[in-house]
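What follows is one chain in structure tokens, specifically the form predicted alone.
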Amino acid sequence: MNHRGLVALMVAACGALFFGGRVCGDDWPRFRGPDGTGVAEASRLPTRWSNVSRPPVNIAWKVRLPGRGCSCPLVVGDRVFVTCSSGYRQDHLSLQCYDVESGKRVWQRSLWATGRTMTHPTIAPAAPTPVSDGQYIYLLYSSNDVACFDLDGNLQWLRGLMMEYPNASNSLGMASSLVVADGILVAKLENDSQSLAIALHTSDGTTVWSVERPPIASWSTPVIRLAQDDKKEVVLESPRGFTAYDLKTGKVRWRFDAGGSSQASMVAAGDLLLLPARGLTALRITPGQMPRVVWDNNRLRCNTATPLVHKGKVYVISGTILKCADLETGKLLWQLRLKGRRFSASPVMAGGKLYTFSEDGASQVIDVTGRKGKVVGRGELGETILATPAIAHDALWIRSHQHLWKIARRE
């Protein structure tokens, strides 16, 4: 393992505070963006784009990716990052870095997988989404290789977790994304055999704590939340239930036994935690007390896409139907049938508009500021989309089966 020196105590202020570091307010540093909300401040996103028309509409640039994957792109400063895998066994792992303005590749770094690279045919080892604290990029692949690079592509450390946990895998592949806070990186490796979650020091990749998890496959992403007693906890979701651990020690803080989704992730919304369980369940956690169910609604059942919360409303995609409910009561307010077959990418939002992406490449823009949702735009790229897009610099960053796209208004 390569080690780096101590992380600088102070970093330059450049915008909103993100757990454990600083990132600019216009950055998209993890799965579903800042704090995992899926909401951005951008207001000049296009509502229409196409790569199948001639000439293309609102396509700022596209680059062909050198490998497969369904991890989401990250935008940090003036660079966009995406992971890939390639080769006959998909054991050639890489991190690509592109300039946000031109799409020119700034650098790429490659690693050889040390663990299993077998996955479902629709995905690849580059399935988990990386995370950034504004100084470094932390990577996890389905082979359970975890690495850290600085923003200039210098390797800081590398760790092959499957060497220590040889049965932490399954035939479909691993896809839970990383989360980071207060110098601690959390990786969730849940499967049918050697199931665990592990917390690593961001400075050198050494173990802070690890816990055994229920032996059942789960691909949802953890949530880090600040509890009412000012302690940070990481909440893990499983079809066997939900468990919150102290971020620093790994000690259990609370449990909730309702079985969760194996794919859609939970969402923190103020003092509520929305769980993909019993359809959708709103849970209120008070220190020293058992978690209390505020409401649950079986009509708000999620499939793969993670729910989104904004301005007192919660949005879920059930099959091919977008549903909107009241956050305080769980009451269904309206629903809208979407164009497309399946939705693996989670919806994102900016400027009062919700952006949805189906696997067959069809996108719809829904204005949610009125009494009911209204389709106000569409996009078509003509390629499979599994990854949740990023929003930054008044642009959509979409990772399709073969390309990375920048979608922005063309004056």
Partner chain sequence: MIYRSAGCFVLLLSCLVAIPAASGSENLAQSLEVLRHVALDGKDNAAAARAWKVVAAADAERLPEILSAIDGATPLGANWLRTAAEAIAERELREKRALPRKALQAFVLDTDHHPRARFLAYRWLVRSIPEMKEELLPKLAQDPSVELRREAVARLIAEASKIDAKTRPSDAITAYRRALEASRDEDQVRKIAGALKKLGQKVDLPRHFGFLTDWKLIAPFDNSGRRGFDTVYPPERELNEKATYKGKTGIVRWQAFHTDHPFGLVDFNRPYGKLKEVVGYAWADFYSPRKQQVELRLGCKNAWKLWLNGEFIFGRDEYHRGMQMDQYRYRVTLRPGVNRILLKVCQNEQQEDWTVQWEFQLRVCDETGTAILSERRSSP
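Just so we're clear, the structure is a prediction, and the values are computed from it rather than from any experiment. Positions refer to the first chain, counted from 1.
The form predicted together with its partner chain is left out here; the points below concern that form.
Colleague: Can you tell me if Ala268 lies within 4.5 angstroms of its partner chain in the model of the complex, counting non-hydrogen atoms only?
Modeller: Outside the cut-off, so no.
Colleague: Although the partner isn't part of this model, could you tell me whether Asp246 comes within 4.5 Å of its partner chain in the model of the complex, counting any heavy atom of the residue?
Modeller: Because no heavy atom of Asp246 falls inside 4.5 Å of its partner chain in the model of the complex, the answer is no.
Colleague: Does any heavy atom of Thr202 come within 4.5 Å of a heavy atom of its partner chain in the model of the complex?
Modeller: Close contact is absent here: in the model of the complex, Thr202 is far from its partner chain, nothing within 4.5 Å, heavy atoms only.
Colleague: With a cut-off of 4.5 Å between heavy atoms, is Ser318 one of the residues that contacts its partner chain in the model of the complex?
Modeller: Looking in the model of the complex, residue contacts with its partner chain do not include Ser318, since no heavy atom lies within 4.5 Å.
Colleague: Determine which one of 325-333, 71-79, 278-286, 103-111 lies within 4.5 Å of its partner chain in the model of the complex, judging by heavy atom distances; exactly one does.
Modeller: It is the stretch 103-111.
Colleague: Considering its partner chain in the model of the complex, which of Trp157, Trp209, Phe256, Trp295 comes within 4.5 Å of it through any heavy atom?
Modeller: Selected option: Trp157.
Colleague: Given that its partner chain is left out here, which of Phe242, Tyr98, Tyr138, Trp219 has a heavy atom within 4.5 Å of it in the model of the complex?
Modeller: Selected option: Trp219.
Colleague: Is any part of 144-170 within 4.5 angstroms of its partner chain in the model of the complex by a non-hydrogen atom, and which residues would that be?
Modeller: Heavy-atom contacts to its partner chain in the model of the complex: Phe149, Gly153, Asn154, Leu155, Gln156, Trp157, Leu158, Arg159, Gly160, Met163, Glu164, Pro166, Asn167, Ser169, Asn170.
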